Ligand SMILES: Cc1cc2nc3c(=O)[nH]c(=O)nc-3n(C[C@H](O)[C@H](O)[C@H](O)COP(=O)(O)OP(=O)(O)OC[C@H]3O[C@@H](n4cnc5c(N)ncnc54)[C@H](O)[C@@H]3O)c2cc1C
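Before any questions on binding or motion, here is one chain by itself as structure tokens, the form predicted on its own.
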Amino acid sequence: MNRDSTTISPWQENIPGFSPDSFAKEDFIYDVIIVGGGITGLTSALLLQKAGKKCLLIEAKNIGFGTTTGTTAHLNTMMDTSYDQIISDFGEESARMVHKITNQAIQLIETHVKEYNIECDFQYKKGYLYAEDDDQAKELDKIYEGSRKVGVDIGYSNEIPLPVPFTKAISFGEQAQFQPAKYIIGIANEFEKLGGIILHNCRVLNRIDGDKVTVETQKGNYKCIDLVYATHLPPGVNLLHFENTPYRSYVITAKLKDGNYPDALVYDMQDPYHYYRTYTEGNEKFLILGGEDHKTGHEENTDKFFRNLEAYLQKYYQVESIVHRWSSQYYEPADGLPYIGHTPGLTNHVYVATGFSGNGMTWGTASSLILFDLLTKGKSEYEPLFKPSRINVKASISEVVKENIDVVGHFVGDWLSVKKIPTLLDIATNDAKVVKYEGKIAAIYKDSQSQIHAVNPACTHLKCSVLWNSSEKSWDCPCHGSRFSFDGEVLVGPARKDLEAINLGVQ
């Protein structure tokens, strides 16, 4: 299964193939078109098709191409935004609703696994969160109290399943893990059995609103009553682009010499935090360690983050070998909760789900439950809490201001900092730079054969200058997270057009 990266996650290996077995009609009006073939889009499509809706799912590459196969596949009710923070910003009843919908999401995954006999290693696991100093311990107490108030199965623990020193820890139930690629292949197959249609390698180019929504794609124009963007940020420019910040997270898997693998989901309280789990492939176990998160397009030498994770792991474990290294992208919402529902500023027939923080598998599934209610009943009990047009002044305004100052800084500063080079020999093999060469500003990558690949560095979304990502060999936009291959092909939106190729007159 291909992914939006050159690094490979374990979920891409040893899985059954999936090729869509369906054909979309241009002269048909679909009830719902879903854009995006990750867990959000596929789960939404399955639920709606099962309810009698005629659905078309359109994916620019292949299902699972984005974050779904780059996740570490923790299924959480204890979210990145803690319940004490949600209570402070939204109130206790809202925090209870977050706990309720995340529980329902995990239960829905379990239901699909059992109903459709999906072999995806779904297992419930206990979770642990631990503090390493007094300040973290005080914060842990707040998290404990907030979680207890909303009904989380939680308690203090005198031990954690890691050989890491700690001062205080809590343990909690209701968490789970699975193999995400096997899961989405399972629900994609069921969606097609019910008459749903999936289009692979079909990039959406434009949308025309009217009596019916027309979706213009590389393979034709398709009409629908309702449209769902399950693509992180929707294309174009709207409020959501200024309320979500793109981040990258780094992950390694390792074989351990002593076989001391944690049978749990474990998290520390560093910033950025580390997260652990174990997975099994055949008869072998592997430890997963993730962390080192940073804003997309803000770091060029991304290889160092894998080295940092390896060094951290080797402090506490006897490592036999590092098996996988990969990174993935997520979006951090300004006020700590996802945006799910009608897309701001557009017709009421266009929906979106984004801003999942590091809890994409849970929030993606929860989104499908909320979107299902909105599209079949016209309302959802969760609609006011997750409404994309909300503005929570207390929780978000400072973040919105801070992040958009950062965007403006990159928009202006990155262009002013471009250096002129007299010769392409100034770029090393397997390296890349945004430079001025012979009067042209170009993003230039010199591959292992010393061949030059040059593109216009202006992101085709809002013209921010892209930055090289050394480990993924991609051009990443620091403003809204669009990513492009070394030769300019769109990997991740909201950009819809490739970077323009530049001819430098060299071979």
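Start at 1 and count along the sequence shown; that's the residue number. Just so we're clear, the structure is a prediction, and the values are computed from it rather than from any experiment.
What comes next is about the form predicted in complex with the ligand, which is not displayed.
Visitor: Looking at C224, I101, V204, A95, which has any heavy atom no more than 4.5 Å from the ligand in the predicted complex?
Guide: Partner contact (heavy atom, 4.5 Å) among the options: V204.
Visitor: Only one of T253, S380, T245, N359 gets a heavy atom within 4.5 Å of the ligand in the predicted complex. Which one?
Guide: Comparing distances to the ligand in the predicted complex, the residue within 4.5 Å is N359.
Visitor: Can you tell me which of 439 to 447, 58 to 66, 453 to 461, 44 to 52 lies within 4.5 Å of the ligand in the predicted complex, counting heavy atoms only?
Guide: So the stretch in question is 58 to 66.
Visitor: Does any heavy atom of C479 come within 4.5 Å of a heavy atom of the ligand in the predicted complex?
Guide: No.
Visitor: Given that the ligand is not shown alongside this chain, does V466 nevertheless sit within 4.5 Å of it in the predicted complex, heavy atom to heavy atom?
Guide: So V466 does not count as contacting the ligand.
Visitor: Just to confirm, P344 within 4.5 Å of the ligand in the predicted complex by heavy atoms?
Guide: So P344 does not count as contacting the ligand.
Visitor: Would you check, heavy atoms only and a 4.5 Å threshold, whether F90 touches the ligand in the predicted complex?
Guide: Output for F90 is no: heavy atoms all beyond 4.5 Å of the ligand.
Visitor: Since the partner is left out here, which residues of 220 to 234 would have a heavy atom within 4.5 Å of the ligand in the predicted complex?
Guide: Contacts from 220 to 234: A230, T231, H232.
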